[in-house]
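Let's start with one chain on its own, the form predicted alone, as structure tokens.
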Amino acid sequence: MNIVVALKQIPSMADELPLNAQGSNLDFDEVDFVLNEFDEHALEQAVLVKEKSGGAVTALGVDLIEALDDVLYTALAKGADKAIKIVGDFEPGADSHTQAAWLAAVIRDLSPDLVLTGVQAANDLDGQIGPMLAAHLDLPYVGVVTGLEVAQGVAKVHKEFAGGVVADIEVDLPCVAGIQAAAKPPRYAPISKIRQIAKTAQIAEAEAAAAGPDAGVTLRRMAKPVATGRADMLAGDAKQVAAKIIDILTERGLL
């Protein structure tokens, strides 16, 4: 079983997100990056499949920032067998459409039985890496996956739909799956183990392929929300507050 997991780093949502001087994107020199939460679940699901069905896991990412090495060493410490980073002359803000083209070019040469990625990334909520990988590789895709097992050339996938509806689907391998949650919580890798891996493991490099002129979108402008008003705090007991609300709604023509 040859499993490939696509990993993406995103700006930490726990920190302030400064914009660059042009207002065209974030100031990536001032932003801390973390592994996308859904990709962390994809990695865990890949290792779970390997542990149950055998095979090997390859962790793959685009080297947009230097900290990708730490992510890949952590993936190796958690159970991945090989790590590859895609290198090239590109900006940290490359969109998911472009990254999908780079990832697919490398994944195709790996001839995987199963490709896993996070269902979406928290920084753009685009959710297109998985479907576009499947399109580039001409493979079936299942998204919003919360459990996955492999047996006899078939992936048995637990998929969620809107409104709390769930389904169990069988998909012939090879295929691509967008993981929303692994069957178990992502495992913890001790810092000591990650440091030891970093001393001994090798991260392979692959040159980024040409993404094509229509591979992505152009971000023209980014700005922080502007405060345009304030909240009116209504004092008094329940009847007084209710009367004031009615007055406000009447004044604004809503009643």
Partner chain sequence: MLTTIEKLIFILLVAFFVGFLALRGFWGIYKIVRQGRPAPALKNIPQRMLAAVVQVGLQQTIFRSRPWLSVFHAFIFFGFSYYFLVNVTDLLEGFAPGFELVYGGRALAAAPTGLVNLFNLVADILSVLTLLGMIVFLVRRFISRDQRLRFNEGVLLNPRVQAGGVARDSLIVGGFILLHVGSRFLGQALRLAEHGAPDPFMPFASLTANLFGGLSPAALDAGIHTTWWLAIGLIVLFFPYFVVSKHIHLMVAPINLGLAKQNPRGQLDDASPPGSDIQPGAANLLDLAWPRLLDAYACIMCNRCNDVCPAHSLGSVLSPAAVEVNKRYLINQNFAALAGGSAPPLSLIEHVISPQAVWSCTTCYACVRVCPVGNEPMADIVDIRRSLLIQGDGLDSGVQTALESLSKNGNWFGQGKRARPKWSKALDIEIKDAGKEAVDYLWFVGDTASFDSRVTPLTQAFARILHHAGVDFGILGQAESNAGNDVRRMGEEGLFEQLMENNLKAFSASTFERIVTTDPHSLNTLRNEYRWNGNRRQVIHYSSLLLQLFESGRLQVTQPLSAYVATYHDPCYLGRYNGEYQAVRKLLQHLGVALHEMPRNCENSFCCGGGGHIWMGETPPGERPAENRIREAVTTLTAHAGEGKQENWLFVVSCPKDLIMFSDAVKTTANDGAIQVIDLIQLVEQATGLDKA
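Computed from a predicted model, the values in this text were never measured in an experiment. Positions refer to the first chain, counted from 1. The term rigid core refers to the most C-alpha atoms you can superpose between the two forms while keeping them within 1.5 Å.
Quick note: we don't show the form predicted in complex with its partner chain, though the next part is all about it.
- A heavy atom within 4.5 Å of its partner chain in the predicted complex is found for exactly one of Glu30, Glu205, Asp69, Glu51: Glu30.
- Contact annotation: Ala210 falls outside 4.5 Å of its partner chain in the predicted complex, judged by heavy atom distances.
- At a distance threshold of 4.5 angstroms between non-hydrogen atoms, Gly55 is out of contact with its partner chain in the predicted complex.
- Taking the partner from elsewhere, Ser192 is found to have a heavy atom lying within 4.5 Å of its partner chain in the predicted complex.
- Its partner chain is not shown here, and in the predicted complex it never comes within 4.5 Å of any heavy atom of Ile65.
- Along 32 to 62, these residues reach a heavy atom to within 4.5 Å of its partner chain in the predicted complex: Asp32, Val34, Glu40.
- Comparing the forms between this form and the one not shown on their rigid core, the Cα displacement of Ser12 stays under 2 Å.
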